[in-house]
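Shown here is one chain on its own, the form predicted alone, set out as C-alpha cells.
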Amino acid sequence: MSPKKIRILIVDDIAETRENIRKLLQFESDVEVVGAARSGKEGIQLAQELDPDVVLMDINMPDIDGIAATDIIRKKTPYIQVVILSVQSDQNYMRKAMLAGARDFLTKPPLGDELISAIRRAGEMAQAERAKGAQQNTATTSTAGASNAAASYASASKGKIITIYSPKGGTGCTTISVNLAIALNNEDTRTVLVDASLQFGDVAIFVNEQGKNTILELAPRVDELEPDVVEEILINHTASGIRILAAPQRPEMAEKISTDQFIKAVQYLQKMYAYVVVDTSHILSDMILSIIDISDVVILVTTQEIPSIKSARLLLDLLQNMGIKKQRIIFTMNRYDKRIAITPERVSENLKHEISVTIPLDEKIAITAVNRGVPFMLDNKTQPVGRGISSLAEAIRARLITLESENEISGKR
C-alpha cells in the first residue's frame, strides 16, 4: 500500500503567496493541498472542516494572527501540525510560535527544499499521532477487559534505544547525542545518555562532568542490578535533568567491559528511562554492531564531504544485510552548509535513502558549547543549530510512533 498523501491547508492573507506555495507543492507526489484560507478565522474554520495533516500558517494577518490561530487549532485538534511562515526571523516570534504548538518556524519566502522537508516531518508526525489517537479511541470504547490489557501493556512497555552512529569520524555524533538527549528529556520522557565510545568517550567532558562514576562501576553488576544502584552510578546533569552513563576515564580500562555486559546495562536502562540515547565511536566493533541491532532507531550521521557520504553508503548496505529495516534508520546531515553544492536531496537520491533531517553548520556555537561544557540546547536552542536538533527529536518521536503502530498492526508486539 502506498503511503497516504500529506494533506496541506495554506493560511495566508496574500493571494500571491498562497498561489506561489500551491505551485511549489504541486509537483510533490506525496503532498496534496486541500484548501487555502485568507485569514486566521477562516484558517481555524477550514482546519476543522478539511481535517488537514499540516497547516502552513502566516504569522501576520488582519483578524487573528498566526500564533493565536495556531494555539486554537492545536487545542481543537492536537494531531494537526502547524508550520509557521514569517517575514521576520525574530527569536521572540519563534518562541511564541513554539509555545503555541507550532511544529516548525520558517522565514518567508522559504526555500523549496526547506519547506518540503518541514512539511514531510510535520506530516509524518501528524499521521502517526492521528493513527495513535484512533487506536486509543478504539481501546476506550472496547469491553471492560480492555482496560486491564492496557494497564498490562503499559507496565510491560520499555524505553526506546536511539543510537547515533557515523562510520566516518569527526561528523559531530557526540555533539548531536548530548544535545538530542537534552531535547528529548522532560518529566514524561526521562532520558539517559550512554557513552559507547569506551576508549575515548567525550560525553562527560561535553557536559563538564568528567571525573565521576563510569560504566566501570556498573559492568561487573549487570546480572544483579537494582534501580537505586543504577541511579547512584549514573551522573546526574542537574542543568538539563538528563542522566549519563560515562565511558571509562582511561582507554585501557575499556578492555574490562565485555559486549555482553554493555548490552545488558543498556537493556536494563530501558526499564528505567523512556529514551536511552547511545553515542558511539566510528569504529564498527562487535559491541557497536550489537547495540545497533537492538536499537529502536539508528541515527545515521553524514556531512557534505565525499568520504563521509561514501562511508554512509557502505553502512546502509551493511545494515540492509543485517536485516535492519529502512524505517529504523533516520538519515541525518550534520553541519549543513547551503553554499556547498552537495545538497541533501542529491545525497538522498544517490544513496536511495532520504535525508530526513539537516542540522545547519554553526561552528562558533558548537565549539563554544564544547569548550564551556554547556550544551547549546541549554542556552542556544532557538538558534538554527538548536532548531535542527529539535527537528531531529521530533522526527525520532514521529518515527517511533509509526514503527510502534506498524508493529501492533502486524501483531509483532
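This one's a predicted model, so the numbers in the text were calculated from it and none came from an experiment. When you see a residue number, it is the position in the sequence shown, counting from 1.
One more form of this protein exists, namely the form predicted together with a small molecule; it is left out here, but the text below deals with it.
Proximity to the small molecule in the model of the complex, defined as a heavy atom within 4.5 Å, holds among Cys173, Ile299, Val207, Ala126 only for Cys173. The contact with the small molecule in the model of the complex, taken as any heavy atom within 4.5 Å, belongs to Asp362 out of Asp362, Glu354, Asp65, Glu28. Interface residue remark: Val385 is counted as part of the site for the small molecule in the model of the complex, having a heavy atom within 4.5 Å. At the 4.5 Å threshold, heavy atoms of His282 reach the small molecule in the model of the complex. Heavy atoms of Thr191 never reach within 4.5 Å of the small molecule in the model of the complex, leaving it off the interface. Contact annotation: Asn334 falls within 4.5 Å of the small molecule in the model of the complex, judged by heavy atom distances.
Figure note: of the listed segments 165-173, 114-122, 337-345, 289-297, the one touching the small molecule in the model of the complex, with heavy atoms no more than 4.5 Å away, is 165-173.
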